[in-house]
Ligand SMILES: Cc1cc2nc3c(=O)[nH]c(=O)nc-3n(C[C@H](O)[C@H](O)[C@H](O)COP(=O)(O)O)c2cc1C
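Just the one chain here, the form predicted on its own, laid out as C-alpha cells.
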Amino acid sequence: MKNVLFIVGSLRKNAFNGQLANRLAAFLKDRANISFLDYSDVPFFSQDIEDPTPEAILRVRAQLQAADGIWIFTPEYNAAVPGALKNLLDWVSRPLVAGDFSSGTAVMGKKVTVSGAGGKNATQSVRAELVRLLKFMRMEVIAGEGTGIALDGAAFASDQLAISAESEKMLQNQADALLKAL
C-alpha cells in the first residue's frame, strides 16, 4: 500500500479540516497507509535559524520524504493560506542542504492534492492559491484545485462537519485520483 501523508492547515483541536481529514482517512484505511503530519512545533521560518536545521524541520522533512503522496486539508483565513501552513510550506520549500539548491527539497516532485472546508466560498481562494504555490514548489498537483466544502451556520454553531452526498462523492473521486497517480 502507498503512504499518504495528511496535512491539516488548521492547528485548532476540533478543526473542521481535521474532521474532514479523519473522514478521508477512514475512507482510505484499506487502500493506503495514512499518517498525519504534526507541525505544531515548527518554528517561524528565518534564514537565521536555517542552518543547522532545527530538529522539528528534520522530522517534518523525513515524514514528507517517506510519503508517496500528500493531501492538504485547509481552511481559508482572510481569503488566503493560514499562517501556520504557509510557514510549514516555506520551510519545506528550502533545499535539503542549506544554501545548495541543487540538493532538492523534501517535497520536490511529490504528488499532492488539496481540499478545504470553510465558509460560503468553500475555500476556493485558498485552494487556488495553494495550487499556484505547490506548483511553484515543483510538486505535482493532482485533481486541480480539489474539493471545497461550504460550511453553513449550523456547522459553526455545533462545531461539527456535515458533508453532502455530492461532496462526499467528489472527495471519493479525488481520493481515487490521488491513489491512481501514486
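From a predicted model like this one, the values you see are computed outputs, not experimental measurements. Don't overthink the numbering: it's just position in the shown sequence, from 1.
Omitted here: the form predicted together with the named molecule. The next part is about that form.
> I need to confirm a contact call. Of 84, 79, 97, 108, which residue comes within 4.5 Å of the named molecule in the predicted complex, counting heavy atoms only?
Residue within 4.5 Å of the partner: 79.
> Test of understanding: in the predicted complex, would residue 15 fall inside 4.5 Å of the named molecule by heavy atoms?
Residue 15: contacts the named molecule in the predicted complex.
> Since only the chain is shown here, I'm wondering whether residue 174 would be in contact with the named molecule in the predicted complex (any heavy atom pair within 4.5 Å).
Judged by the heavy-atom cut-off of 4.5 Å, residue 174 is well away from the named molecule in the predicted complex.
> In the predicted complex, is there a heavy atom of the named molecule that lies within 4.5 Å of any heavy atom of residue 156, even though the partner is absent here?
It does: once the named molecule is placed as it appears in the predicted complex, residue 156 has a heavy atom within 4.5 Å of it.
> Hey, in the predicted complex, does residue 69 get a heavy atom within 4.5 angstroms of the named molecule?
Close contact is absent here: in the predicted complex, residue 69 is far from the named molecule, nothing within 4.5 Å, heavy atoms only.
> Please pick out the stretch from 54 to 62, 114 to 122, 41 to 49, 128 to 136 that is in contact with the named molecule in the predicted complex, where contact means heavy atoms within 4.5 Å.
Residues of 114 to 122 come within 4.5 Å of the partner.
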